[in-house]
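Two versions of one and the same chain are coming, encoded as structure tokens; call them structure 1 and structure 2.
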Structure 1
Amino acid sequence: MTAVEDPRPEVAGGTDGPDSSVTFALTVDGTAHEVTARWDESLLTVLRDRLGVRGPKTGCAHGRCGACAVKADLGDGGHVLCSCLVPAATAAGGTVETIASIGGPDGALSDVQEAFLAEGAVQCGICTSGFVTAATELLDTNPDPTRTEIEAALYGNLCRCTGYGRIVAAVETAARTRRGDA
């Protein structure tokens, strides 16, 4: 767990409450929330325990496994990060998209989600929302990744079940589908 020793940065829209908590605005999967959280709470804790958003998972809580990956725009344009490493208060005023924001039209699965199922890239699945989030970001920014680029993009996500072979296959399949040469 990231311990933040009372950093008290200027927080957009944030107000200090009693018991060293802070109240701030956070948009999660398109829904605006007003969150009151302690300064030492991670974005992952706020998402899961305060907002009941259970898509991001807790694997290690110290930035090593990627199970908690979300796409967050903290005023920097937005990218995938480990929500367990971000003090929630520093996300004040920001926008978070979790796995719940990834999907095809009309409740269908996205191409990446479909590929993960088709290629057997899901076993216990605790790593899956993190992998799908990171793989979606990769393909959104690089529709034709090499094997090395796939590894570089997913290096922060651990999977204990699959041995990764099926996950690489899923990303390659999704990329082919996206390019239309499936």
Structure 2
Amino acid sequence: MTAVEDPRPEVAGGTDGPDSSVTFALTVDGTAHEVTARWDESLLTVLRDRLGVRGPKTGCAHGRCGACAVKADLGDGGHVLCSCLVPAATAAGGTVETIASIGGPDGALSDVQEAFLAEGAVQCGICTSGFVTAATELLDTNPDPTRTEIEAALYGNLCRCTGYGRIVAAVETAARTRRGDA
């Protein structure tokens, strides 16, 4: 049996306890950062408190509401995850795309964001970035999802305003727009 090599880059700093800090590289929305954080800090805490990235929201802080959803490539090709559950140091050398990466470089809204506005799927806004992030990931991988597939893709996102019908309608509208059926 051979040992499995850890593909993640080395991080500087101590590992002696939960108060030890580590320094690592992290690219967020296309900007490279050198981050120093405690081992026990979540990716969400690093994004919001250390880097000033406000797109991902602090909702439940237990991975149950999806308000903190980001797309992260931690050496695994990238997928949407709850940044409140990921220790920041595990993202060393990785890339993170927040809601800020979804719109155009000139601040234009994406097709999914436009559909959320058109369908009235934006209420208090705490959940919106997570829903848009999950919906964008769905439509990037499945341009013609069924209603059941949309509901499954959004399953980890909660809306306290209970606007689910409009949110699902927005994803369907974005899908039709991408297919040219709108």
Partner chain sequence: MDGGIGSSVRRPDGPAKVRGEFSYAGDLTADGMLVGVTLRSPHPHARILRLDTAAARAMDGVHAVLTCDDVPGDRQFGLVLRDEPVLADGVVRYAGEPVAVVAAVDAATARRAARAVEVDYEVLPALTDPQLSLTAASVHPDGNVYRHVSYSCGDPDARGVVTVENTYRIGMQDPAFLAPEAGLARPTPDGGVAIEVATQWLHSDQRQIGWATGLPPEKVHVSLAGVGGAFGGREDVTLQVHACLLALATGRPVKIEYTREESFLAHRQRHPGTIWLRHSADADGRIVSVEGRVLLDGGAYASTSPVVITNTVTLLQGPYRVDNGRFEGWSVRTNNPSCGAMRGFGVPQAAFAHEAQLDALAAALGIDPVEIRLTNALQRGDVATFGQRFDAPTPVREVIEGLRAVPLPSGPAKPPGGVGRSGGGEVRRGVGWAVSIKNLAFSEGHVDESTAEVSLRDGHATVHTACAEVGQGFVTVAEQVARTVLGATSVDVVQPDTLVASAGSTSASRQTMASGTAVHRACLAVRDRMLGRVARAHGLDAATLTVADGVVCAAGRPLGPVATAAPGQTFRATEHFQHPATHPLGSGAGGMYVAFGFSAQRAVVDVDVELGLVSVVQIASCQDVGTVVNPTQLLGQIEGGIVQGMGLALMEEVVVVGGLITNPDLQDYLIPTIVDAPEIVSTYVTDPEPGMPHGWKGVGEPPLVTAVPVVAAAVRAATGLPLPAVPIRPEHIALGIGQAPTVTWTTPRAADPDRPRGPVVDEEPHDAPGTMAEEGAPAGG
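Keep in mind it's a predicted model, so treat the numbers as computed, not measured. Rigid core (definition): largest C-alpha set, two forms, superposition within 1.5 Å. One-based numbering along structure 1's sequence throughout.
Student: Do you reckon the form predicted in complex with the partner chain is 1 or 2?
Tutor: That would be structure 1, which is the form predicted in complex with the partner chain.
Student: Tell me whether residue 75 is among the residues that move between structures 1 and 2 (Cα shift of 2 angstroms or more, core superposed).
Tutor: No, shifts by less than 2 Å.
Student: Relative to the superposed core, what is the Cα shift for residue 105 between structures 1 and 2, in Å?
Tutor: Residue 105 C-alpha displacement between structures 1 and 2, core-aligned: 5.8 Å.
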